[in-house]
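Before any questions on how it binds or moves, here is one chain, the form predicted alone, in structure tokens.
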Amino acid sequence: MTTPKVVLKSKRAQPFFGRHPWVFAGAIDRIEGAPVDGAEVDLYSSGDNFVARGLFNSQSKIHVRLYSWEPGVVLDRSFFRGRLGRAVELRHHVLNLAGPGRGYRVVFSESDFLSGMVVDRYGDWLAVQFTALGLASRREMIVDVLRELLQPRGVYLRTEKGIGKLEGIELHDGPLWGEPPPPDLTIEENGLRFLVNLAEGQKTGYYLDQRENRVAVAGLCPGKRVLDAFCYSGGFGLYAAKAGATEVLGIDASEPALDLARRNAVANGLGNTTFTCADVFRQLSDLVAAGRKFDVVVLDPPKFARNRAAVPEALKGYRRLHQLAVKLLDRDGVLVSCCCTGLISLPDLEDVIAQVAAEAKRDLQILARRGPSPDHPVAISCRESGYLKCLISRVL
């Protein structure tokens, strides 16, 4: 059976010869054959040269996601087992993250050359998220391979808000295979214990991407007053408390998240912590009005922009957050600025912070420019996968 062909417009092939995996509809000249959504297709240049093989989806702006640059390769179980095995190899035998009760990212979509899929491990359970129809339609096969490679007790499906409309995926959160996760599922991270809610928690249940950043920030917190804004289940704040912070205040708008944070504090024997449920912007404004001061302020907000049209408003949000944070910082305080909005670059974030520092008439030194944990690698062919920025600064 002949594989359908997707032919690119003239002079549009270079990114795909460079192994970028997203073929948007606007780059396509014509389709030869009648591929159904989720079917394998071959991508060709306008000069009729083979580029890559991928999976088709007429319902998505990304009409083709590319997976193999070798002609004739079938995207079957053997292919995906090879890709998934390579991802597991990185985490287990290069990064040495495996172990009882550990939490780590097993598969990171484009960064592991599996565009449209994320897999996180929390102890004996896997959380799987599909953001591409082609892989979602192969979920039984993918789960079977994950079971073979990782021997979990259960696999739980998490969906991303809005992805059904963008990709034409009809999926709902819930168990995909095996035992459902227990309500007290706990992972161990650098000597701290964290409860993970696979059914309702943010992302797939926990922010694994900040693991090394939490360690770096904790080293600056002994003897300090720490404010952890958008604290979720207490990550940065609990690391700070364990490191010897004299006071930790965590703020988040989600009471279920703060319930986890309080339980995590108790589980780790950390009594120098307080968690407040409130709109973070409003609460920071109230703290400024009350004259409160902190030695370390951590800003780790959720994604502010999901498309380019929302970027200007998102930058205003980051600007307002930093204006409040600088007012709350005591003399020579430490500011931790996190940004998971992929459409906002590190230079964009630094420009916002520079403007705020100038307005406040305070000098600022960047101590570290950091990214996500290494189980969230960046594919050089798809640098959009390097979404997380973390700046650690001293505000004089």
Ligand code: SAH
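Since the model is a prediction, treat every value here as computed from it, not as a measurement. Throughout, we count residues from 1 along the sequence that is shown.
Below: the form predicted together with this ligand, not depicted.
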Counting only non-hydrogen atoms and a 4.5 angstroms cut-off, does residue 148 reach this ligand in the predicted complex? no
Partner contact for residue 280 in the predicted complex: this ligand, 4.5 angstroms, heavy atom: yes
In the predicted complex, is there a heavy atom of this ligand that lies within 4.5 Å of any heavy atom of residue 267, even though the partner is absent here? no
Answer with yes or no whether residue 253 is in contact with this ligand in the predicted complex, where contact means some heavy atom within 4.5 Å. yes
Choose one stretch from 82-90, 104-112, 202-210, 139-147: the one whose residues place a heavy atom within 4.5 angstroms of this ligand in the predicted complex. 202-210
Contact residue in the predicted complex, from 317, 301, 164, 152 (heavy atom within 4.5 Å of this ligand): 301
Which of 130, 294, 232, 125 has a heavy atom within 4.5 Å of this ligand in the predicted complex? 232
Near this ligand in the predicted complex, with a heavy atom at 4.5 Å or closer, the residues from 258-275 are none
